[in-house]
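Below you'll find only one chain, the form predicted alone, shown as C-alpha cells.
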C-alpha cells in the first residue's frame, strides 16, 4: 500500500501531523499500537505560550473545545501549575486562592482520586476545605474489583447518570463557593462538563486522576474521528515490526497485522513517543529507539539517568533521538532524509519546540512544513 506519508504513532503529534497533511491534500496512514501519551494527558497543552492559529483551526473542526487564559491549574496532588491553552473543562485561575471555601467530592471506592491531598494543598493557600464521599448504586458492579474502578469505566457510567449525581451534590453543598470533582465526566458526551457547571450553584473544578485520562482519551477520539473524516487511514492496534531502509532513506515498513503487505511512502514520520509509549527503551547499558534503532542522546553514566528524589523531574525524560534542523533523525551518524522524528521521542533535544503536549504540536507542524516544502 502506497501513501504520501506514513506516520508511526497515533498520539497527539501523530494525529496533528496526519490531519495537517490530509488538509493539504496528501494521503497518509497512521499506525497506532494503542496506548500513548494522550492517556496521561492533563488537559492543558503545556509549554505553549500562545494559541497557534492553525492548531485552533484543527481543534475547532474536530470539535475539541479549548480556551486560552494565562494562570494556574489545580493538579491531582493539590499543587498548582502554570497553564494557558487548555481544554474547555480545565479551570485556569489567576492565582491559587480561587475560592473562599471548597467541597472536594470523591466517589466511594474510587482510589485514583486523591481528595485528601487536594484538600491539604488548598488549605495551604488559605482555602477552607471539606471532603465528601458520594456512594452510587450504579457503580457497585465496578467496586467489586479494584481493576474495574478506573476512570474510563466510571466515565462510561457517569455519561448516563450525571444529572442524578449532580442532584445529590447540590444537596451536599453548604456554604462552599466551589466544588472539586474528579475528571470522570464527558468521555463520550462532550457536553456533560459544561452542563454540570450550569446546574451547580458554585464554581466547578475538574481535577485529574490517575491514568487513563478521560479528557485525553476524549480528545484523541475526536482528533481520530476528524482525521478519518478527512480520508486518513488509521491502523488501530497495529505496530511497525520492521523498516526497510537503503542509502539514508526509508522505503517501506512492515506491520504486525499487515505482514508482507508493506506500507510504502515518500516520507515517514516517527511519533512513537518516549519511554511510556515504548518509542524509547533501555537496558542497563544503553537507551535505544525501538523501530529504526536511531541514534539517541543520553548520558553514558547510568547513575545520571534518574534522581533519587522521586518528586523531582527525572533526567531520563530528557533523552531523545538525535535530529538535524529539519527533524531528520540519524543512525550511525547517517541522516534519514525522508524520515522525521516528532513529539516526546525528541525528549529535550530540541528545546525550541517546548515540552510535553506543546512540544508534540509544534514539532509536528515543523515536520509537516518541511514535508510540504519538499525539505
Partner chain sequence: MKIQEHTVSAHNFEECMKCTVCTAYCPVLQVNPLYPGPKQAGPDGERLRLKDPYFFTTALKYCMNCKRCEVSCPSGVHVADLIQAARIKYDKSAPKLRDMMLASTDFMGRMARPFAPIVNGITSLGITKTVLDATLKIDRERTFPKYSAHGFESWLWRHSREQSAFEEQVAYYHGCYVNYNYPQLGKDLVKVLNALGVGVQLLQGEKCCGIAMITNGMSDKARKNAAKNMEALSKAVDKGLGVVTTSTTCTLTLRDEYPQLLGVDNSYVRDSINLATRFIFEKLSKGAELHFRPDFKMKVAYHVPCHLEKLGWGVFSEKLMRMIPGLEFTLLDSACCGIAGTYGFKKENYKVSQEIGAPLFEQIRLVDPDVVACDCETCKWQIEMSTGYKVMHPVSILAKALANQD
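Numbering follows the first chain given and starts at 1. Predicted model only: the values in this text are computed from it and were never measured.
Heads up, the form predicted in complex with its partner chain isn't pictured, but that's what we're talking about next.
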Does at least one non-hydrogen atom of residue 372 fall within 4.5 angstroms of its partner chain in the predicted complex? no
Whether residue 141 contacts its partner chain in the predicted complex should be assessed with a 4.5 Å heavy atom distance threshold; does it? yes
Exercise: residue 40 in contact with its partner chain in the predicted complex, heavy atom 4.5 Å: yes
Given that the partner is absent here, does residue 117 sit within 4.5 Å of its partner chain in the predicted complex, heavy atoms only? no
Just one of 82, 228, 175, 163 has a heavy atom within 4.5 angstroms of its partner chain in the predicted complex, so which one? 228
So its partner chain isn't shown here. In the predicted complex, which residue out of 248, 237, 94, 126 has a non-hydrogen atom within 4.5 Å of it? 237
Given the stretches 176 to 184, 281 to 289, 68 to 76, 195 to 203, which is the single one in contact with its partner chain in the predicted complex, using a heavy atom cutoff of 4.5 Å? 281 to 289
Looking at its partner chain in the predicted complex, which residues in 15 to 39 have at least one heavy atom within 4.5 Å of it? 33, 34, 35, 39
